[in-house]
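Next up is one chain by itself, shown in structure tokens, the form predicted alone.
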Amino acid sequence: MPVVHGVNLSPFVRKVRVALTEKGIAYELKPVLPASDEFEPMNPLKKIPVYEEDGFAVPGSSVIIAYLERRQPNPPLHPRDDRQFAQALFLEEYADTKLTDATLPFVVENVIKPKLLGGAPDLAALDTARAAQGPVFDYLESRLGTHTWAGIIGGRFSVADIAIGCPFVSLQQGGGVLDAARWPKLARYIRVLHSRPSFKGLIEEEAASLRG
């Protein structure tokens, strides 16, 4: 059985797990922390996740999903249309960088540090994340039309939706708020995304682990 190496609070591990669930691929999650020396042979960047299949290791969430698309094309997560494909890959990159920078600090500072590491939250890091949210959320709001609740690219679910949905789980876990009055389309879009079985199951699993 394939193995996903990583931890379930990581938005990048979550991204791969959602993709695997959407494709109906069974897998095992093997907890491993980033930056550990034993992890380096699988990924010299020492970052999670790594997907391992029959002894073959694939590092990096975007690379893993591209690999899965070649291994099991259906249901597709990359749009077939060339221009939509390019748009989806850009939004995936945007979510992995700008959106993650604006959301991940909430779960790191408000959950991981105090509950798991026994430390105090860095308030300056939270302020920086809040300041970043305005332009990032504005951009995503601008990309959403009335037909895109089922998918931000052409109204069809794709890797772009997975990549965008995952950081918002981190935001919610850390007590952050997506202001529905300011970003109504984005708030509705995230609600629809998170109601998908592939997201809903992981959100519930992670919530249970935090309660435990």
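Counting begins at 1, following the sequence as shown. For clarity, every value in this text was computed on a predicted model and none was experimentally measured.
Although it is not shown, the form predicted in complex with a small molecule is what the next lines describe.
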- [ ] Spell out, yes or no, whether the shortest heavy atom distance between F199 and the small molecule in the predicted bound form is within 4.5 Å.
- [x] no
Open item on the list: Taking any heavy atom pair closer than or equal to 4.5 Å as contact, tell me whether A150 reaches the small molecule in the predicted bound form.
Closed with: no
Open item on the list: Can you tell me whether Y189 touches the small molecule? I mean in the predicted bound form, with a 4.5 angstroms heavy atom cut-off.
Closed with: no
Open item on the list: How about I48 - does it come within 4.5 Å of the small molecule in the predicted bound form, if we only consider non-hydrogen atoms?
Closed with: yes
Open item on the list: Please identify, from 158-166, 177-185, 66-74, 28-36, the stretch that has a heavy atom within 4.5 Å of the small molecule in the predicted bound form.
Closed with: 28-36
